[in-house]
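As structure tokens, one chain now follows by itself in the form predicted on its own.
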Amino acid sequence: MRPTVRFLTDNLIKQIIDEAISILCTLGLEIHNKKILSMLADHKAKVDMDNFHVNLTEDIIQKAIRTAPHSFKLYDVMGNQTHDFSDYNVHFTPGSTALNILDCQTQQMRKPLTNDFIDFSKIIAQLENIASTSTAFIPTDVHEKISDSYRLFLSLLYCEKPVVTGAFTAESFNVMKDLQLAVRNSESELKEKPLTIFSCCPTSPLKWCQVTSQNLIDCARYSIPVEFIAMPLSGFMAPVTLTGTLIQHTAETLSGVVISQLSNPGTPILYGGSPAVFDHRYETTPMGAVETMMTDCAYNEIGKFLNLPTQAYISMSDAKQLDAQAGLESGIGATLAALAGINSISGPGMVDFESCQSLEKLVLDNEMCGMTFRLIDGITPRDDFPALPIFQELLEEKHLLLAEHTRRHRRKEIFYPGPAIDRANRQRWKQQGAMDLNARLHNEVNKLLKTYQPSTLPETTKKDLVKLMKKEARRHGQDHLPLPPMTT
């Protein structure tokens, strides 16, 4: 039996959805995109073009929900399926768009560079419990106007896994689309085997800006999957109660579903978000707060009630170093998210709210993800009945270390983490150097960087990616990209 956790009753979910729909139809929302407003007007919504305001109708909302796919699959650069966003299937992906990296050598935060992103990609490529990569942090050694496409470019070049990404400008979408087409060869192949998920973020409360709304309809045009990242802040930019926050989150996310599905019915979506409670003492938005995690799991229940696949920014920490707080908050988040069946769990590697990635924490979180997979696999009888022969053997041999039953089921029953997790006795631990967690993780990072094997993407495709990226860089006045010799 698969263990699960729930926070909402079906009746409460229905109430929340009804209230959210009422808000969208009565109060409405702002959409700073006249193309979208015209589309909504064509579907009988009440639109005020001068004030960028629209009141939706229940018919529009319900139709959008019905046309949204109940699930979809994701594929790596070689066209192999890696994700199935259906039912309670769980997939982990690193937290995205950090401004800083926690330096492995100095343990201090600093601005990331291209080499940091390449190292990140090499490590992610080898972490078996993290199914996709992400445009994790923003390299500061390239022009800011190519930072979106550059991160996707590096991801596709150095890691075969699908990419969770996004665009901060409407202009960068086209080159990001072209990078994907260079891998897939045609629009039809990209539609058939999606390679990326784009994050599209409404602004709380109840607003879509020009850039994110344009990205949303651009993705829909090419059937590129999107995840909606509504970010209501309980007690600041949303009601202080978790129920009130869920009403707002539902309204903002449903508005995205409407825009996406009216633009292109059937476009794959993830019902996601990154809400948080607001800590009035420090004026911060703690991702490691238990109420933040509860909100994530609860809106996941709402998404599943609507028969939509789900996503959440969870399993991360507000700690500034890789310490006990980082493990506590990330571990609780990952466990709750897995038990709740959130289909795409974003967060591994992140510290300092959502602003810093750590390569060492990424390695640690990979083990955390593995533990949660074992947890949700549950307890299943494996040749345990009748039990008498097993216990007869135990009493006769005094152990079951070499028993055929042990050898047959050991790997399925017991999760064995890698060297980052210390399970040795004290004497053996001392003999092996008495390394603390940070030392073990640092060793693993260095090991993974040495054992990395280049992507098997065809060399001609890699050259096409480099050509596209160099062309985009020159368009913004950057004649040289800080790439290693193999890619230049």
Partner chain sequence: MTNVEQLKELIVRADEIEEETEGEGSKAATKRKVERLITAACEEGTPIKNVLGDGLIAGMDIVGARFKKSEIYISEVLIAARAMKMGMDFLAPEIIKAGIEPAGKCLIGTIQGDLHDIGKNLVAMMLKGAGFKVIDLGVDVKPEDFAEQAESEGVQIVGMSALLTTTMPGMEKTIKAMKDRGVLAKTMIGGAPVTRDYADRIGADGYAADAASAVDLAKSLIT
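Numbering follows the first chain given and starts at 1. Only a predicted model underlies this, so the values are computations on that prediction, with no experimental measurement involved.
Absent from the display: the form predicted together with the partner chain. The rest refers to it.
- For a residue to qualify, one of its non-hydrogen atoms must sit within 4.5 Å of the partner chain in the predicted complex; none of Met294, Arg374 and Phe415 qualifies.
- Look at 379-387, 258-266, 243-251, 133-141: in the predicted complex, residues with non-hydrogen atoms within 4.5 angstroms of the partner chain sit in 133-141.
- Residue contact check for His405: none of its heavy atoms lie within 4.5 Å of the partner chain in the predicted complex.
- Proximity of Phe278 to the partner chain in the predicted complex: non-hydrogen atoms within 4.5 Å are present.
- Interface membership of Leu99, defined by any non-hydrogen atom within 4.5 Å of the partner chain in the predicted complex, is confirmed.
- Interface residue remark: Ile332 is not counted as part of the site for the partner chain in the predicted complex, having no heavy atom within 4.5 Å.
- Listed residues Lys191, Lys111, His409, Lys320 were compared with the partner chain in the predicted complex; Lys111 is the one with a heavy atom within 4.5 Å.
- Checked against the partner chain in the predicted complex, the candidates Cys209, Leu328, Ala170, Val290 yield a single residue with a heavy atom inside 4.5 Å, and that residue is Cys209.
- Interface residues of 228-246, taken as those with a heavy atom within 4.5 Å of the partner chain in the predicted complex (partner not displayed): Leu233, Phe236, Met237, in sequence order.
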